[in-house]
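In structure tokens, one chain follows: the form predicted on its own.
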């Protein structure tokens, strides 16, 4: 049986293990942060779709460094020891009425980041449609609870609705950028949209 490249530990997987992060995706956020400076010390940050916790942990360790606040939400539990003075974690659907009220209470936010991805089927059309649904909900959240001049980062599966997503982002943010970080696997069709300076 052939071994998939995804079953073998690549450079970023090994580096994540060495540096104590639960997933290699941390280096995607690091490159986005290095490029766009989306989060500043003292910010209040919302991490949507945060499990297994690499982005939350990176923001806590490398950017906020004990300042500001992180609100982290995912359907799955994060298996990390979290500093409750800085990090608040909610397990559940970020777009449900129950969780939405909790997020509103702790906002508004300086930045929203989302590496959320749907359960994939292997069918690109289905997976892209599911991704678009998630993306639309994250943008809706940003419209409601992101501060003026705030920033948004979200993951998109490239597909037929890319222009519509970009146009929607442009209606909310002064600048919209696309980036495919080096840590993305070569066979992945994910890309990250960055909204800068909410109108």
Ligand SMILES: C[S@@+](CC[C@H](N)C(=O)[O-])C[C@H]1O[C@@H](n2cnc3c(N)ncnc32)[C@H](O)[C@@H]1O
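Numbering follows the first chain given and starts at 1. All of these numbers come straight from a predicted model, not from anything done at the bench.
There is another form of the same protein, the form predicted in complex with this ligand; it is not shown, and what comes next is about it.
- With the partner omitted here, the stretch from 60-68, 42-50, 144-152, 165-173 that lies within 4.5 Å of this ligand by heavy atoms in the predicted complex is 42-50.
- With a 4.5 Å cutoff on heavy atoms, residue 116 counts as touching this ligand in the predicted complex.
- At a distance threshold of 4.5 angstroms between non-hydrogen atoms, residue 134 is in contact with this ligand in the predicted complex.
- Residue contact check for residue 74: one or more of its heavy atoms lie within 4.5 Å of this ligand in the predicted complex.
- Using a 4.5 angstroms threshold between heavy atoms, residue 87 stays clear of this ligand in the predicted complex.
- Of the residues 191, 183, 15, 23, just one reaches this ligand in the predicted complex with a heavy atom at 4.5 Å or closer; this is 23.
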